[in-house]
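Before any questions on binding or motion, here is one chain by itself as structure tokens, the form predicted alone.
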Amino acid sequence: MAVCTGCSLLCEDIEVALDGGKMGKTRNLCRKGLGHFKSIYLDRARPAVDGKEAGIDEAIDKAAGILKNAKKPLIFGWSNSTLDAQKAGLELARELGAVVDDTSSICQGWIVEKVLRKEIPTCTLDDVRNYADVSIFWGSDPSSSHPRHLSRFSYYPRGEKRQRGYEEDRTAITIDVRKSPTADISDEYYRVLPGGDAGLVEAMISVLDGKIPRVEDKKKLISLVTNMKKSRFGVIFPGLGMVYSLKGRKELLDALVEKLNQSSRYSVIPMVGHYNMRGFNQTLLDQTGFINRVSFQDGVESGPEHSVMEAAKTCDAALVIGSDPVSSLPAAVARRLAGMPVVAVDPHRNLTTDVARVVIPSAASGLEAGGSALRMDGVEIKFDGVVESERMTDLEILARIKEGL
């Protein structure tokens, strides 16, 4: 059996047949996972220095020189690296006095932090499969982002106390700005206007307090909240839709969950995307007390000024590992990153490797290299590589860079 690192579900039941050392037929992969497995034969990065192909030793030496000579380096990425590589990266960051940030800084970070600090209750996906009778997909569309979420954990499976699955034992509720594929199969769909999540939460709390909500379709909302309240074990799965909409009113999520838990039992599991984003947040929290946006320049500091968005303005070099910020961040930030010496460590070619001063190709975790990661619910999953590869792992690359400082 293999583990799929295509998303944060880390499905452990993947069967792979090898044909001449390469992957042949597979079983139990979703469409996203299949694309991930096939990716090891497509658009692979090659070692390069200053835009020209180079040997791996030359690339590593150049990378070490860039980071050593930088006054304020940035190390960004991490969500697609193993736990051991993340720990090694933090050792490197301490030695360099670097600023460290990851992808959670611009997405699910604040909800993950609430979970890790135990400010809101959570549970495991195994608890969901065995006991949950209501799953609320709020601003998330697992049918597209985590295709096996509903079949393995939240809607279709027969669990220990939910033997009759979606037919009788489970209810799926989708709250979103559009009728997504997940909304199409859900028992209830409630449309929220873009940016209207805070008002919706306030209206829900009003209903839970026995008041008439200030919404257009009062009957529909009262029915929705009544069904949520009847749940014996409900789980909210917040996606980026809720994350961005509630960012300025974070306390509302706490208030809603607390109110629901006065009459039922509700937990929250953020719909993390990358396979080990939660792992980095936990690792950094354990070592520094913060989940992202940390500077090691003068002790340990954390704040918005150390986010990748702001650090790109003040840092003079960057090590990007397992991420493509040039394609995913706002154009102004991407231009600033592209304007500094960038060392890119990645299995694949992307826009960041195209602008990088140094490119160091790495083995794809879970496909060519083993390790461990934290699933979206915080459960540690260990995995081995599926095929052999001569490429170094992230952990080995970081060790070599550290040796060269």
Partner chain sequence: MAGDEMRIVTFRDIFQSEAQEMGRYSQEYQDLSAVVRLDQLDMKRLGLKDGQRVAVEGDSGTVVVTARTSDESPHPGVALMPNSPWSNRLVPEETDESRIPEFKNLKGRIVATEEKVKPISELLEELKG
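Residue numbers count along the first chain shown, from 1. Please read all numbers here as calculations on a predicted model, not as lab measurements.
If you look for the form predicted together with its partner chain, you will not find it shown, but the lines that follow are about it.
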- Stretch in contact, per heavy atom within 4.5 angstroms of its partner chain in the predicted bound form, of 114-122, 192-200, 221-229, 89-97: 192-200
- Message: Give me the residue from G241, G322, G234, P73 that has a heavy atom within 4.5 Å of its partner chain in the predicted bound form.
- Response: G241
- Task: Heavy atom within 4.5 Å of its partner chain in the predicted bound form: which of Q297, S328, Q163, N261 fits that? Just give me the one.
- Result: S328
- Hey, in the predicted bound form, is S267 touching its partner chain, heavy atoms inside 4.5 Å? no
- Might E380 be said to contact its partner chain in the predicted bound form, defining contact as any heavy atom within 4.5 Å? no
- Is the gap between D133 and its partner chain in the predicted bound form 4.5 Å or less for some heavy atom pair? no
- Wondering, does N350 line up within 4.5 Å of its partner chain in the predicted bound form on heavy atoms? yes
- Query: Check K68, D316 and S372: does every one of them have a heavy atom within 4.5 Å of its partner chain in the predicted bound form?
  - Reply: no
- Query: Can you tell me which residues in 15-35 come within 4.5 angstroms of its partner chain in the predicted bound form, by heavy atoms?
  - Reply: R31, K32, G35
